[in-house]
Ligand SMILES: NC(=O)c1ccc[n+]([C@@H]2O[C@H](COP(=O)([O-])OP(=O)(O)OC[C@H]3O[C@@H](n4cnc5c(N)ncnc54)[C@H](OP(=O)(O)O)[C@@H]3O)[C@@H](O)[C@H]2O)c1
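Single chain ahead, by itself, as structure tokens, in the form predicted on its own.
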Amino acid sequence: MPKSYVFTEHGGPEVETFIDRPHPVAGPGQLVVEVRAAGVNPADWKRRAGFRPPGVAPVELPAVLGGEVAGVVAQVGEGVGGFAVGDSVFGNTVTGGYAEYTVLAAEVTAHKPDRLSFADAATLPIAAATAYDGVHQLGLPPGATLLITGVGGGVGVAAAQIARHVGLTVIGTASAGKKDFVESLGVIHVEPGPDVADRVQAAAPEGVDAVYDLVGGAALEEVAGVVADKSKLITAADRTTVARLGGAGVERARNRVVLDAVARLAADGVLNPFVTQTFPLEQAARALRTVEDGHARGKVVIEVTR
């Protein structure tokens, strides 16, 4: 039976293990995919730890870790058009990503461009798509200035590249250790921490037109005042705090149109997913620890080989 890496209850790394699961079957509107690569994200360990956003149903245990993959279609469910067995695809998972086989919803699955690797494609459905949605939600004109908090993470790196591509000036908060990396993206680096708003304003003497927050909490509160129009204050990290401040959460499209768009950007070299570390499925625990411990720079990917 296919192998999957799961958590058996909510808790720390000690609740993770490999199990054999029955071969998945595609229901209506679904695809079964033979996984080639799976993206690793902070949301994976947070879900294992028991964090559940409002409105999201409890997980059924044991639950397979991971939410994004790239692979090859193995089965097409009833009512699905545009996909065939053998197609190379990527998308958001229904049944988890750290596995040899998984189920995808066809509506949030896209064809992988030939010139895009499976590893790169596997990083796009969550971080890159969230970045794309947020930048386009803000709708800033070319020449405007965007502040991205936590720009050194997966969503921030993608958002910075997309924003720069549409002609925005980007200022980003990130640790001193990520300064060179952030600046290589064409981003004006600002260290977070006390008086960060003063440093942002010094970096943008003509003002900041929007804030895309990826940290939440105090980090969001500290910079909220740099933008006057609170409709241009959005977050992918802390909807409670941003609502209190007069802003809004990122409105996720969660559709194939966005996946196709970010895939084109990646295939054309506009968007570099920055896959910096890959691990075989057998080392899924190491891959997740790398992200959970906060040591990852760029994206971490699990590669499934046969």
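In this text, residue numbers run from 1 along the sequence as written. None of these values were measured; they are calculated from a predicted model.
The protein also exists as the form predicted together with the ligand; that form is not presented, and the subsequent description refers to it.
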Heavy atom within 4.5 Å of the ligand in the predicted bound form: which of Leu147, Ala160, Leu124, Leu214?
Leu214
Partner-free chain; cross-checking the ligand in the predicted bound form, the single residue of Ala237, Val258, Val32, Val64 with a heavy atom within 4.5 Å is Ala237
In the predicted bound form, which of the stretches 240 to 248, 41 to 49, 266 to 274, 22 to 30 has residues with heavy atoms within 4.5 Å of the ligand?
41 to 49
When the contact criterion is heavy atoms within 4.5 Å, does Gly11 count as touching the ligand in the predicted bound form?
no
Taking the ligand as it sits in the predicted bound form, is Thr102 near enough to touch it, meaning that at least one heavy atom pair lies within 4.5 angstroms?
no
May I ask you to state whether Lys178 is within 4.5 Å of the ligand in the predicted bound form, using heavy atom distances?
yes
Considering non-hydrogen atoms and a 4.5 Å limit, does the ligand approach Thr109 in the predicted bound form?
no
Can you tell me which bits of 156 to 191 touch the ligand in the predicted bound form, meaning any heavy atom within 4.5 Å?
Gly156, Thr173, Ala174, Ser175, Lys178
